[in-house]
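In the block that follows, a single chain appears as structure tokens, in the form predicted on its own.
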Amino acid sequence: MYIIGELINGMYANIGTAIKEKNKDVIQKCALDQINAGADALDISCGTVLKDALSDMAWLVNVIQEVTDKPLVLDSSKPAVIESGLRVLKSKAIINSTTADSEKLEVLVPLAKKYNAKLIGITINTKGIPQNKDQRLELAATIVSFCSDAGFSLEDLFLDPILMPVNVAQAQMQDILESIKEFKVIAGPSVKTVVGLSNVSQGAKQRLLINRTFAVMAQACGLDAAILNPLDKDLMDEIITAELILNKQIYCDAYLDAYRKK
């Protein structure tokens, strides 16, 4: 599974302070710690309280790419903030994210094409969060159709079914897992799936256990990528083991070490 590290986010106190104080050592250490733990890419967000998000996003990108050329996932609800990072980014980019609303798609799909970036499409629109599988599939189809008509490669598209907290949306969990399976039907195997894993345990006491269990169940449903905390070693071990059981990795007695060294 494609692992996107979630920890460089201004909503975390240490990262928010580091951005404000322009302390690149904290940011670079967080980046390298996640990569060394197995992250394939890094999600970066300035958070919601900073005054100059455009320059802060550009600063974050520059600071991180001093120490790694891993792909960066530029995370903001504001296209201008995303583009400020894209302008200075030298490696591959993923835009996080567009909704199924035409206003968002008409801005972010051309932006992804302009900078040769991949794109995450979340199955939500101005009407709110979908309440069942059929609504998720309808929104996913809207995103896929728009991207296809715009000439955006579906191989560069990730679909996010919107993972809800289990303590308030327990009845939706099965629908979300089924949506991960059925997103592939919309446009064949080229479309990838992604979730923000920590959302499933928001507000719950057993957060780590819930995250780990859902991750493995979602892998069995065909999940391709997840935005998560790669420093949770048990979570990473379970993801690696699930790939082994799903016959995506070759078994050896030291398969955990072998996976991490590849």
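We number the residues from 1 along the sequence you see. Keep in mind the model is a prediction, meaning the values are calculated, not measured.
Just so it is clear, the following notes concern the form predicted in complex with a further copy of the same chain, a form of the same protein that is not shown.
When a further copy of the same chain is considered in the predicted complex, only one residue from Val166, Ile120, Val144, Ile124 comes within 4.5 Å through any heavy atom, namely Val166.
When contacts are defined as a non-hydrogen atom within 4.5 Å, none of Gln28, Leu32 and Ala258 contacts a further copy of the same chain in the predicted complex.
a further copy of the same chain in the predicted complex is not approached by Thr48, whose heavy atoms all lie more than 4.5 angstroms from it. Remark: Ser102 does not count among the residues lining a further copy of the same chain in the predicted complex, judged by a heavy atom distance of 4.5 Å or less.
In the predicted complex, at least one heavy atom of Gln206 sits within 4.5 Å of a heavy atom of a further copy of the same chain.
Contact check for Asn247: a non-hydrogen atom falls within 4.5 Å of a further copy of the same chain in the predicted complex. Stretch 174-182 is the answer when you ask which of 174-182, 82-90, 153-161, 102-110 has residues with heavy atoms within 4.5 Å of a further copy of the same chain in the predicted complex. Applying a 4.5 Å heavy atom cutoff to a further copy of the same chain in the predicted complex picks out Gln206, Leu209, Ile210, Arg212, Thr213, Phe214, Val216, Met217, Ala220 from 206-220, in order along the sequence.
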